[in-house]
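Given as structure tokens, the chain that follows is alone and in the form predicted on its own.
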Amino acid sequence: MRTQVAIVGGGPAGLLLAQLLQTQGIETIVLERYERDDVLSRIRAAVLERGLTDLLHEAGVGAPLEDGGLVHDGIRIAGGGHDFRIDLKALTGSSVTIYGQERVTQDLYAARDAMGLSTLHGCAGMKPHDIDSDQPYLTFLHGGQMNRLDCDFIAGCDGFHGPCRKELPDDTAQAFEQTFPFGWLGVTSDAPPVVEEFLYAGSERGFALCSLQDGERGRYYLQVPLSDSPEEWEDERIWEELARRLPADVANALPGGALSGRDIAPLRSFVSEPMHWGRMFLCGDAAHIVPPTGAKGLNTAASDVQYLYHALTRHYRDGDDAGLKAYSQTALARTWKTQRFSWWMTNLLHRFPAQTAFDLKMQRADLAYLAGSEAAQTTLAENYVGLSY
């Protein structure tokens, strides 16, 4: 088999890159370890930045987003004795769109299927070869036999545990990481959401978030110790703890009842440098992970896709490799800014085991300044709706 760009990973980043390249007549084959149903079962809420929604439209898959996405012009923040709204639209001229990550993935699969493009699921043992040559290729097990896919370039959109980042030379790759001492317990209620916009709440008992799975269901998160298991958190206990951490008007509106989608996700920050070597380029979680507090995971992957898409287009259309050579530096410059924002939001609203009395005073002062400063709110809003590419 041969293609121009081999894409490892059939999640939203890999599929979006493939779809955008297809609009420019650039051939791709997508290889995915899991079956499609498994990929689509990854239920994750998604706050889509303006840049990502523009990319989806450019890729020709914006119509479902227009029909089913929820446009939010603001967010609410409570903590440290303050409770205020950040007016994203008024401060930046932009909004965000709430649209589940699994729905983004499903839309991209549907578009790829409609074009009859090649997506191989159930690929095992994927391994990039000769990435520092002008003839890279991949080997993988599929259909009961070993296969070889020759290509011009490899795009590693294969997540943190994928094979591509492992091929960076040991004396070149450098990892930067911070693991937070807590996780998020996430649950879904079939009852309508109790908020119209996301509510981020910091309290003496820890962080809580009220969000929307969609317009019909609420999604809730609690900061919990990493030593906890989801089974320890029964439905009634979750509702009671949410009520303790949320403002009174929201706490009183909590519906109670059965909860689903129960899991605990650890919070971590991770960046791998560089993001490319030779003819292999990393996108999304293969290169970086952010804590979910700032809603930057999928959006930072999309910015990688945007840079790589335009760089590859210039290569094939104009013979210009400047974008490919600058890809890592360009993508990392934006990545570190999204890391900073996610790190700041996490520190602003969570309780840490080793916090001193001074730390708590500083946290309250930070919230007080944010509550009373339009300049500070503008900074938050600019980051939340998405920094420019």
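Numbers follow the displayed sequence, beginning with 1. Because the structure is predicted, anything quoted here is derived from the model rather than measured.
FYI, the form predicted together with a small molecule isn't displayed, but the following is about it.
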query = Which one of 77, 246, 168, 126 is close to the small molecule in the predicted complex, taking close to mean a heavy atom within 4.5 Å?
reply = 126
message = So the small molecule isn't shown here. In the predicted complex, which residue out of 157, 208, 308, 96 has a non-hydrogen atom within 4.5 Å of it?
response = 157
inquiry  = I'd like to check something about residue 182: if you look in the predicted complex, is any of its heavy atoms closer than or equal to 4.5 Å to a heavy atom of the small molecule?
reply    = no
ask   = How about residue 364: is it within 4.5 Å of the small molecule in the predicted complex, going by heavy atoms?
value = no
inquiry  = Using a 4.5 angstroms cut-off on non-hydrogen atoms, would residue 278 count as touching the small molecule in the predicted complex?
reply    = no
ask   = Quick one: is residue 221 in contact with the small molecule in the predicted complex, heavy atoms, 4.5 Å cut-off?
value = yes
inquiry  = Please pick out the stretch from 311-319, 84-92, 159-167, 233-241 that is in contact with the small molecule in the predicted complex, where contact means heavy atoms within 4.5 Å.
reply    = 159-167
